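Look below for two forms of one protein chain, each set out as structure tokens: first structure 1, then structure 2.
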Structure 1
Amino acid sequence: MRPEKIDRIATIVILGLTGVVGLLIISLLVYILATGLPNISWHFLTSSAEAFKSEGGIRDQLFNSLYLVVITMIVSVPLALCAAIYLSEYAPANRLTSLLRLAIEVLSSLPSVVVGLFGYLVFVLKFGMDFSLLAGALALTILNLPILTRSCEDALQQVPYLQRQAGLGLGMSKWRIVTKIVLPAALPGIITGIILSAGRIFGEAAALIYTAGQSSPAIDYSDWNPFSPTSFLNPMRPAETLAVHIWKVNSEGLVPDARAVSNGSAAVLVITILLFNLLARYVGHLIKRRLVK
């Protein structure tokens, strides 16, 4: 066969298969949204879940998911940022550094169920945190640290070395150069990284079912004292998240409208992830604009 003919056949096959895959994927998204959106109502988003009856909402699960992301970020951002500063500014080129990089890579490849087990063993049992938001947030921190460290390091590396050199020539310490010159310039990149990783942990479930728990006791949104056991801010209360809720309702749930609740929850999850991505893109555009200026 002539090469031109093979080329044409190959092109048709590739584009055809791509079309099939695209169709599959798009119909999947449409399915999630089409079955989910009709179930999303103000009532669904603002009322608490039911254990045995239908008409339950996802207010607490949604709040727990967001709150868990916030706690996780409070723990993991400073750690990841400082570790990234070490790797990008201080780390000498030696065996120890490559060992540390290997360790971070290993951490990023751990299955989340294994991280959840470790969290169950150490945070829940050994540290006596029981099933709690804090134990869940620490488990999520383990998942989040490697991704966030890498994106922070990338953002720091994007800042030209010449800027650092100029600071050194003026007698600035490396730390001052990092905090005053490099960090401000790298900030948009770091924020993009934080938002993207927030999206990832927002939908995490496997690491949470044995750390943050699978139950959602009644909480009081008017109680702002984080030490009060019924306060919505109390980090020591067990907290079922949205993703865990979907799993739970489908595998051992007793509610009669499990399908409606899960359809709605899945759509809310996907839409939230979409929002996270759009936000990250928007911040990314800001960087570009700043670079052009």
Structure 2
Amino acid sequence: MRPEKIDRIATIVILGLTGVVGLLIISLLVYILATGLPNISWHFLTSSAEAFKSEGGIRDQLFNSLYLVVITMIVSVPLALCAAIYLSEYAPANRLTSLLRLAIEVLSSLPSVVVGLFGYLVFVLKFGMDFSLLAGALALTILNLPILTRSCEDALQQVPYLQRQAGLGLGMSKWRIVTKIVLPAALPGIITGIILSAGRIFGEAAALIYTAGQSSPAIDYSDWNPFSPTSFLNPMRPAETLAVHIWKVNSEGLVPDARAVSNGSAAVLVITILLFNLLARYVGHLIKRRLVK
């Protein structure tokens, strides 16, 4: 068989498999949105579970999910960025560096339920955090750190080495080259990775069942004191996120219209994650255009 024919057959097979995967994803999205959008209303989004009829409001769960993402990113972004800078700019090519990269790969493949059990044993029980937003954020940091580190490292390595050599030729120190040349050039990729990782942890559920809890006490949105037990800013309060709420509604079956609530919550979750992805592309493109100018 001629190479041209083999190449044509391989191209058709690859395109066909890609089309099947794309069709499955689109079908799943269409199904979730078609069954969930009719159950979404402004009252559904802005009312608490106690205030909404049949206990279906998701205001608190939606806020808890967004607040948990913010706390997680505050913890994980500096750690991931420092680790990426070390691996990309300072780490020598030896066995220790290879072992570190292997550890990051292994950590990124851990099941979220295992991380949740670890967080329960360490953060909830050992450190006495109980079920809280902070314990959930630390557990999500363990999940998010390896993926975010790799994305930041890839963004740094995409900066041409010639720019580093130019900085050395001007007499700049290694640290000034990293902070003044490499980081600004890699900023679009870093921000894109941060937003995409935020979208990923927004939909996490298994790790949060054992750390953040499965219930949300009454939240006072007028209380801005983060040390108050009822304050919406208190990181030590238990918090049920949107993904955990979907699992809880389906598993317990205590809500009369559990299917409608679950479908509406799932649609909100999918739409929010899609917005995270679109925002990542837009912000990365916008920063790249400004840097080019």
Partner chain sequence: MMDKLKKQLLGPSAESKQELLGKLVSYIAIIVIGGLVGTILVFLTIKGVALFNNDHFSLWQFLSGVNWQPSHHLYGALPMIAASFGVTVLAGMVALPLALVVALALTEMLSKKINQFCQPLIELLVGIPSVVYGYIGLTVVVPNLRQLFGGTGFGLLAAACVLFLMILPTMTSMTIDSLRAVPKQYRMASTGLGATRWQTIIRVIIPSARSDIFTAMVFGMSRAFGEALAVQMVVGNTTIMPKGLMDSAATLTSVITTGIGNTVMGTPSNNALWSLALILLIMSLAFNLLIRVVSRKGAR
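What we label the rigid core is the largest C-alpha set whose atoms superpose within 1.5 Å from one form to the other. The first residue in the sequence of structure 1 is number 1, and each one after it adds one. Owing to the predicted nature of the structure, the values given are computational and were not obtained by experimental measurement.
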Just checking, which of these two is the form predicted on its own? 2
Honestly, after the rigid core fit, is G128 moving at least 2 Å at Cα between structures 1 and 2? no
Superpose the two forms on their rigid core, then report whether the C-alpha of S41 is displaced by 2 angstroms or more between structures 1 and 2. no
Quick one: report the rotation angle of the small rigid part relative to the large one between structures 1 and 2, in degrees. 16
Cα shift of L15 between structures 1 and 2 after core superposition, in Å? 8.2
